[in-house]
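Take a look at this single chain, the form predicted alone, given in structure tokens.
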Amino acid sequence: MKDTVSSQTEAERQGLTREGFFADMIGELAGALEEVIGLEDAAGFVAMVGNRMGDDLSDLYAGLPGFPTETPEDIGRICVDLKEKISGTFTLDEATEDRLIFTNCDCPFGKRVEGRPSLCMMTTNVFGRIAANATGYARVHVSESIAAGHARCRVELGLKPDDSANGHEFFR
């Protein structure tokens, strides 16, 4: 029994944690999908998962006291809180009636996200579902991402339809 305890402690000292293991697994899965079926289809699979998680998280936050979804600032606060809980460092830089702008310098996937842009569909879909479920419409555009080699992520969350804007649209 002592050998098991000491090896677990050594593994933890080397950085092996449950969270790290699952983040590695998701990163490797995204990488394998990108290599086998291509970036666009891999992003589609990640988007499906993100969409489902976004609906679940939207329901979760809607039921929590202190997290109203009535204003753009409320929606921004929910998105920032969610990312904070999973070790992201998103900040809400701008909140208007039309859009929210977020930046992030520390991806919840850590270094595992580098070269895996399909993982950005998780943020796209979670933010999009949360906002669309609250307001009826959302459009999400990731203009910069750590996954694509930028120093930060920059995410624009549009709250009103705009035919000239880039991004993925979501509806309630």
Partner chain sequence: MLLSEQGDVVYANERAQALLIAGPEGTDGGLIPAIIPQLGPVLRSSVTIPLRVTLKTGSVWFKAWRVAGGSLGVDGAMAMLFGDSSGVLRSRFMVLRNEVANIEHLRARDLNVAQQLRTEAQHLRRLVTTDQLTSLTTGQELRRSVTKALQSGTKTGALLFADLDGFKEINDTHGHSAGDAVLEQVGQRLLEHKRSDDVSARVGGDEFAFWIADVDAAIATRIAHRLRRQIERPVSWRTSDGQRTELVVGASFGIACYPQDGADYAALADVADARMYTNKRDRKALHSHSARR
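As the structure is a computational prediction, the values presented were derived from the model and not from experiment. Numbering follows the first chain given and starts at 1.
Just so it is clear, the following notes concern the form predicted in complex with the partner chain, a form of the same protein that is not shown.
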Partner proximity in the predicted bound form: E28 to the partner chain, non-hydrogen atom cutoff 4.5 Å: no
query: Quick one: does D106 come within 4.5 Å of the partner chain in the predicted bound form, counting heavy atoms only?
result: no
- prompt: If you check in the predicted bound form, is A62 within 4.5 Å of the partner chain, heavy atoms only?
  reply: no
- prompt: With a 4.5 Å heavy atom cut-off, would you call G44 a contact of the partner chain in the predicted bound form?
  reply: yes
statement: Exactly one listed stretch (63-71, 34-42, 142-150, 109-117) reaches within 4.5 angstroms of the partner chain in the predicted bound form by non-hydrogen atoms, and it is 34-42
statement: Of the residues spanning 71-102, the ones with some heavy atom within 4.5 Å of the partner chain in the predicted bound form are none
